[in-house]
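A single chain comes next, written as structure tokens; it is the form predicted on its own.
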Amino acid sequence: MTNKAITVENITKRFGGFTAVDGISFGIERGEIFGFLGANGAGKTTVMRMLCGLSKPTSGSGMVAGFDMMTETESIKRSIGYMSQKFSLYADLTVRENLRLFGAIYGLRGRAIAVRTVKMLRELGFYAERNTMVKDLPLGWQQKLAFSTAIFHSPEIVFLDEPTGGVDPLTRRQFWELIYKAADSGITVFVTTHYMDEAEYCDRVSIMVDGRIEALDTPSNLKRQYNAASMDDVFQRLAQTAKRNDTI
């Protein structure tokens, strides 16, 4: 078995005459925290949709969690977790009901759901709030719960699409502790973010510009390569070269 959780070779995505993603290639190790950065219009949303099995590449090849991006999209969907900035929780259900619902959605049954629900509630420190409506939880707690529902079924890969938007710096840091724990358990984390300090937390970072990956390395190596003091400096330097600005 390969150690790669994701392998992409010359993936291109066209919409009519417009090339949204232009022949990109990269690989992600199992258990790696991989930051995927790019300004609006860079193509990162299109790439994430392809990796999640929601859209097929126009050309190229790729494997996600051991499944072919062209022919096994349904298997990919069953093998991953996903969390967006909007969290995707059900506000009028309790904490416990949300966990049990997502467990069922991801294909778990009966006792497996019950056991994992109790285990996750205790690990989060949410057991006393298990019957609290999600809408009554603080935003930071909702964020942690949303992440927990995304990994409830122990996926091989979890995709986090700007998951920390709108929360304070302390809560963001606590959220990243959950990410580290998930990666330590063997889950590969693919995360997009607009917070460049979070890019520093990743094992490796890629930066897209106009549909292409212009940089890919560890944060320390990228800062050294671009003679930059921070990842924000690296990002700004590359983003300024962009010629398009539509969200794709």
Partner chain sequence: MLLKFLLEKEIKQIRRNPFLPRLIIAYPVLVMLVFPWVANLEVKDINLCIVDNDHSVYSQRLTEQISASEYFCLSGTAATCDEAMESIKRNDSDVILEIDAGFEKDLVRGGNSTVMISPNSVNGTKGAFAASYLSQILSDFSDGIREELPSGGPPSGIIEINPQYRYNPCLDYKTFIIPALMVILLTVICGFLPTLNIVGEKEKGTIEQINVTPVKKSLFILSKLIPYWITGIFILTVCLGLAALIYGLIPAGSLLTVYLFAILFVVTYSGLGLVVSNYSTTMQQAMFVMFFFTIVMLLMSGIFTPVRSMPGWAQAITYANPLRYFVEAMRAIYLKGSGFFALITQFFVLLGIAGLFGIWAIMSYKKR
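Keep in mind it's a predicted model, so treat the numbers as computed, not measured. Positions refer to the first chain, counted from 1.
Same protein, other form: the form predicted in complex with the partner chain, not shown, and the subject of what follows.
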| query | finding |
| --- | --- |
| Whether 74, 84 and 100 all lie within 4.5 angstroms of the partner chain in the predicted bound form by heavy atom | yes |
| Residue contact check: residue 54 to the partner chain in the predicted bound form, 4.5 Å heavy atom | yes |
| Proximity of residue 106 to the partner chain in the predicted bound form, heavy atoms at 4.5 Å | yes |
| 4.5 Å heavy atom contact, residue 173 and the partner chain in the predicted bound form | no |
| Non-hydrogen atom contact residue 94 with the partner chain in the predicted bound form at 4.5 angstroms | yes |
| The partner chain in the predicted bound form: contacting segment from 119 to 127, 137 to 145, 84 to 92, 162 to 170, heavy atom within 4.5 Å | 84 to 92 |
